[in-house]
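In structure tokens, the next block holds one chain alone, the form predicted alone.
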């Protein structure tokens, strides 16, 4: 609690690192993670600093590591992440690591080039296989396979290689065959028809199986085509169209025997190529598998090396070029650990001259550092989201650990919903290590996982408040036995059946000499007195349930709000005492507390007094707190009426001398306004004048000295009770500042107290919405007393469970979370919390590694 109550004390220190041990000492500081360094070379361009070449080499190695990781993902090779934290390697190891990575990159790229070439050859052979198969089918079916033996000379004249020529009845017919992407077939056919004006016979056929693109690995669909034409002009045009559509033309023989022979050759080559591809892929897989074992380790080492050199670029170098000088903010309690780290670094570098650290004085405001763990980090994040606390001011986080989930549970109070929330958070806690090992969890999942302890406490507190409200999935449990025993029931009534339907009966808790009371101080398990824990379950069946619970929750909200705000004002006194602003205690803390207690503290006392003073027999004469509060501020006096038996009915007055006390409280509250507004500015003006008089008196009788002393006097006034800006302000500035804060506080007390009524409003909305879902869904299933009711109930339960989780737990939980956040940020923290500091960001390898992972993801 001591380290969380205030931020840790910080000191600005100078580091003197010997050039031989600078790298090792900096690496040790990164392992400790307790120093926030300042850049002493802000005026120097990043490309002109000393270690820019080393950083470029590290960037190049990170590029190679990203390349290797990408290749492992493509090959589906798992990267081994053991969670190890190796020490930063020595500078001489950088060369070995760089050569190893470059060798792996060259080897993987060569294998990739060869593998892509083999796959491209395989694709061409597969396409050739389908073209030959389709050519054989086309020629045999259309009767074109019968060629005139005398036409051989004509065939040679028409061309060889990719063209085949057929002579039939003195007519020379040529054709081109190949493959084209399936999505381009329609446009290809249309353009061929246009350029030939219908003189080209084009036949296409889809390839049955998808092929693999050798460059991307994606599946592609293709089709074979055969274009029959006459003349060289059309051949040239068709070739140009094929080039435009990225179609591939393959040589096809002009006889079935040659087609069959070429098909056998293609099949043989495919089998050999398949074996070669398998061996190449196996070799590539083995190389990547060996790399994946060390990939995470190499990544951490490279990131540490780069972080060390990046920090060393922020150091100054003395004129002798033998010492690096750096400045950093360091927590006082980590000074010894840093000195030991510098000693270890010097020993590791085998440097005879030790490096050392020395504190220096400064007027700068240190950064704010709260040491947290995995439990308190989520609550500290809630506070820091409003604003990082000013250096050494009271930290609301340790109190938020209890108040935040409690106020959430007051609005969310349902034991069933809280149990589900606690179970889900408990699952995250159970699988904590496995989830933390995953890298790409997603932004929303990371946020939820980071607040797992908050969600768990919110669930536990919701179970508690749900039991207090006796609300479990909108139903009440009769655990200890209800204290209500109705004397009137349907068995002893003489009303007609039609009049009995829908009739309501009022239970009378007042004792009766003849009939007794409907309320008894006896229950199950020999437990006497009122219902032991929470609300009596009989209220769940009453028609005035909402009226009773509303009154209870509304008063409870006001009580919690007043205590919460009063606690915030008390914490402001701790700030004033620590920073030695004694005038703020007298001019701000005391009048603020009196103002709050005179107005709403008195209201809380009346609430408890009403609960204890009036019972069931005198409830008809119980006063209205709202009307009483209005009459108090209006100073309106209304006499109490008389009962029929002549006794006094306390409708307006609770006790004797109430009118005098309330007038005194109003007067005191009104006097607190000028107290807060004027006392501090007048005190500071008096103090400035006193210091100025002392300066003038000490300066002597010389007029110039007097005038110069008066001109210097405002700058010599101590800043006691100031606003933390480090200098004194004029009377007008202080008066304006104090006026704004006084008006804000006085009006805020009223609005903030009303704002706490959201505890009642959201609790009512949650319970009513839960009851509506029950009546709309499960209740109808339970009302069917047959086999169909079981089927309907089974179906409706799924809808009710989804609606309960999605609406009541997720959406209503988010609403209650945001309202609890507002109550802490606005109503609680503005009483004492400035939040104008800046966070402590130490040089830490752990944060460097996690940030680099987020950037990669």
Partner chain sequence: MFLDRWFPEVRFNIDDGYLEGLARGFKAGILNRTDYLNLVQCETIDDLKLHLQSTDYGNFLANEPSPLQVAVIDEKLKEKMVQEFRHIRNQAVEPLSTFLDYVTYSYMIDNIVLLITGSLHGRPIGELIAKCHPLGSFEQMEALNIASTTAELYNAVIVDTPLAPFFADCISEQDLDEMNIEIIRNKLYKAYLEAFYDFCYGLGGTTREVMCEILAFEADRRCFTITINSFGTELSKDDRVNLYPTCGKLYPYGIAGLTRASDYDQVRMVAENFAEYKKIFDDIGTQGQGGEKTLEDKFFEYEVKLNVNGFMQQFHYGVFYSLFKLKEQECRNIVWIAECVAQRHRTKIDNYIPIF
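C-alpha atoms forming the largest set that superposes within 1.5 Å between two forms make up the rigid core. Residue numbers count along the first chain shown, from 1. Computed from a prediction, not measured in an experiment: that's the story for all the values here.
The same protein also has a form predicted in complex with the partner chain, omitted here; what follows describes it.
Of the residues 822, 50, 38, 63, just one reaches the partner chain in the predicted complex with a heavy atom at 4.5 Å or closer; this is 63. Checked against the partner chain in the predicted complex, the candidates 243, 336, 350, 84 yield a single residue with a heavy atom inside 4.5 Å, and that residue is 243.
Among residues of the shown chain, residue 576 is not one whose heavy atoms approach the partner chain to within 4.5 Å in the predicted complex. Although the partner is absent here, residue 423 lies well away from the partner chain in the predicted complex, with no heavy atom inside 4.5 Å. At the 4.5 Å threshold, heavy atoms of residue 46 reach the partner chain in the predicted complex. Although the partner is absent from this view, residue 119 stays clear of the partner chain in the predicted complex, with no non-hydrogen atom inside 4.5 angstroms. Of the candidate stretches 270 to 278, 187 to 195, 256 to 264, 654 to 662, only 187 to 195 has residues with heavy atoms within 4.5 Å of the partner chain in the predicted complex. Residue 633: CA moves less than 2 Å between the shown form and the other one after rigid-core fitting. Once the cores line up, the CA of residue 192 ends up 2 angstroms or more apart between the shown form and the other one. Superposed on the core, the two forms differ at residue 109: its CA moves 2 Å or more between the shown form and the other one.
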